[in-house]
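Shown here is one chain on its own, the form predicted on its own, set out as structure tokens.
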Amino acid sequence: MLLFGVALATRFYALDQPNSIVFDELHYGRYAGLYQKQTFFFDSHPPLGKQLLALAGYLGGFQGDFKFDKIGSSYNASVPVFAMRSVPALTGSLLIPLVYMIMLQLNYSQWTAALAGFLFLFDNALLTQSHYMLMEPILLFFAMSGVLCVLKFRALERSGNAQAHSYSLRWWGWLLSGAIFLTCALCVKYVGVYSYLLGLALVGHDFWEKVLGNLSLSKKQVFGHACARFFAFFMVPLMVYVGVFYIHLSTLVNAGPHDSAMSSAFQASLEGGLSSIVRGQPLEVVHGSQVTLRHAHGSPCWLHSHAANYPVKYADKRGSSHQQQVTCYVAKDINNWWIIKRPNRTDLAVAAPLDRISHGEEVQLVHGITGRNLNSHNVAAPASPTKQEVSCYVDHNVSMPAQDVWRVEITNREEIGDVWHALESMVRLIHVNTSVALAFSGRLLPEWGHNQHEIVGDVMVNQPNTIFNVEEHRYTRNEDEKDRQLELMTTDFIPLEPVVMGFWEKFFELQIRMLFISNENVQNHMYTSSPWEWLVLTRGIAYWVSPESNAQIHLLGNIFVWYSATVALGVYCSLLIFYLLRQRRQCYDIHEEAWNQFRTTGEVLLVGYVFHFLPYFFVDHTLFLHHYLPALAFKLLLNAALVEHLYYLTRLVFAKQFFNWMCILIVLTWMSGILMVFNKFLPLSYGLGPMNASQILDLKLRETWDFIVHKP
């Protein structure tokens, strides 16, 4: 209780200071505001932590009106800073009793459990993360809670009366609680999956040893235990995970700034989504524009072509040009894409300066997929013999050269201007050679035309059926034809009207986008670090700096804590290898009870550390020091466990009490050093000031620590 009280005091001290945006509060505070506005946002991590911040903001009266624009911006009175920062502060404080109980559950003494709480309590990095609107304290709270519940479950399984406890209320309670807490860790950040896998490994190991290896159990009983664990660690986590996203998607119903990460259908399913879709499109049509041309009047249909030619003769015995068919198609389709180009240019990629298309200028329209130009000849249209056929030109080596140049006429140029604009400009395309206008006839083609609408050249130029407008619009980026076709085939289309998407459709699309789109890659960031550097605290992270002085918040761990934990990791691994080699030679140096405790410590804490540390050597996104904190938590627990084991070895080897007291004195001296360093670096955790340049430089114990000094 004493440690928990000190944790509350240190985590909640000056919680609303500095009264400005600190580091990733820029993102998480903005997300909390978007929750208040029910506005959709995209983030590459699950939303549980952000939901808790939003709930705290809601209870504190936050309405989401504050713009989180940049780090260092001052909060106004509308932001309940204390309430929102209280979530990580409370979860960071609860870590102390959690690690205390974990050590007791691993059969360590109360003094060792208190030492573990001490290491968590007086680490500056854990304090800093717990003082602001950040995710790591929430993640660690759920992860440590889950580990504790799994250990409680294992204790029931390993008790002398395990059969009596099976399927009891306590048995189910610890098993389900462990699965739920570990899933919640995953729902805060995906790195929580390592904690979940640790819990799954521990439960699976016990099943292998205590259930499958127990020959007194029948096959039916073994199957029952397997089903119970499968339900707890697969079905329940799935329900929790889906439930978190159900709340997320049910709340965020309005279109917002992050919609472009999603498909057009997803965007259109949001309130105001249709207008948000076109917001990211380029406005001006230029040489190299990729467009879909929608018939502007009547039922919607789009200028279309496909790799099929007009028949040589129609049913009424009339002949055709046998060129590629051009139609008006009532559905969104990749064959609706056309590329606008100048007749005198062969390149298609858009480059600066933009070559804008204006009223009265001549263009060619290249079909995006087949690469053939929109064309017309003085040949009767298939379903409207009094009108002229429109095709895409195919060179049949006959005396029918291409006539594929069209003049752009903007019918509403008085309101829009002479430059061709997507969506806004109503255009009429006049065939240069024959002066007919591209027109929608309204007639359906037979089966050879896939029952699509007929497109013709009409001498009656001034009529509604000759007006089109650009709907989808993008600039060509690739000169290579295959790359260009692939680009067009993977493009989304603007839906015709607001779309109703069910939860599961939205859920699965969001999962895929989260899997392939990361917003964690920050190129060339000066505070990035590698996993090897985390071991020796090579580099911290600047979170905030005062504009008036050198007072700043800088993420740095307590160097005494971090270095001793790294040494403890090496010592534990060395002892483990030593014991295993000696036991292989039938030499047992420590008591069986001590060995079982030492081995269990490795199964839980060392494996937990490896699970949370090793994967970072294989990820491809930018890494920062705070990514190490989950692994650090297991290393600090291992450090405390090793202290008790070394004290046990001292008592085992040395008979005189002098050596025991020396061991205790060394530990107390070490703890005093931790307190001194913690106090020395407190200004960097709280942003206390003002501080001058010499005070900041006095804290620079390593040359690689990049503190900000901008005032004398």
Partner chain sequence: MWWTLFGLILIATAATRFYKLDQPDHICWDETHFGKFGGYYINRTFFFDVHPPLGKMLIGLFGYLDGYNATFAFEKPGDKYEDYPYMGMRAGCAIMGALLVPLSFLTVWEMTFSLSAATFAGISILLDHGMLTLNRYILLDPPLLFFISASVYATVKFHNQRDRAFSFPWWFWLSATGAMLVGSVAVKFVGVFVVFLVGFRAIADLWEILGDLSRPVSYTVKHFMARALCLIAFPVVLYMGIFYIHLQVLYLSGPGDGYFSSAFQTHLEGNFLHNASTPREVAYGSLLTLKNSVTGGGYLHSHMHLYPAGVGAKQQQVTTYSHKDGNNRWFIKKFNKPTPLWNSSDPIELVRNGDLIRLEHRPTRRNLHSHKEPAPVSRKHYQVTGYGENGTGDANDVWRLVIESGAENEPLETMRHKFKLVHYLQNCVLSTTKKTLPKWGYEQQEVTCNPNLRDGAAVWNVEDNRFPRLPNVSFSAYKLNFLQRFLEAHAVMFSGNAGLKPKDGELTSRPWMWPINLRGQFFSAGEGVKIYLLGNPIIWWSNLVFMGFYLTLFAVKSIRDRRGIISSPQQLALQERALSACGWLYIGWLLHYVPFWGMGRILYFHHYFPALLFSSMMSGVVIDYLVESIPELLPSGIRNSAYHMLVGVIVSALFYSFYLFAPLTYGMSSGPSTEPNSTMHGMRWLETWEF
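Between two forms, the rigid core is the largest collection of C-alphas that superpose within 1.5 Å. All values reported here derive from a predicted model rather than from experimental measurement. Positions refer to the first chain, counted from 1.
Heads up, the form predicted together with the partner chain isn't pictured, but that's what we're talking about next.
- The candidate spot formed by 73, 154 and 385 lies out of contact with the partner chain in the predicted complex, as no residue has a heavy atom within 4.5 Å of it.
- Taking a 4.5 Å heavy atom cutoff to the partner chain in the predicted complex, the contact residue among 573, 614, 567, 212 is 212.
- Out of the listed residues 463, 250, 378, 168, 463 is the one that sits within 4.5 Å of the partner chain in the predicted complex by at least one heavy atom.
- The stretch among 400-408, 577-585, 602-610, 81-89 whose residues place heavy atoms within 4.5 Å of the partner chain in the predicted complex is 577-585.
- At a distance threshold of 4.5 angstroms between non-hydrogen atoms, residue 219 is in contact with the partner chain in the predicted complex.
- Residue 621 falls outside the set of residues with a heavy atom inside 4.5 Å of the partner chain in the predicted complex.
- For residue 539, a non-hydrogen atom is located within 4.5 Å of the partner chain in the predicted complex, even though that partner is not displayed.
- Contact check for residue 694: no non-hydrogen atom falls within 4.5 Å of the partner chain in the predicted complex.
- Shown without its partner, the chain has 703, 704, 705, 706 in segment 687-709 as residues with a non-hydrogen atom within 4.5 angstroms of the partner chain in the predicted complex.
- Core-aligned CA deviation for residue 533 between the shown form and the other one: less than 2 Å.
- Residue 311: CA moves 2 Å or more between the shown form and the other one after rigid-core fitting.
- After superposition on the rigid core, the Cα atom of residue 244 is displaced by less than 2 Å between the shown form and the other one.
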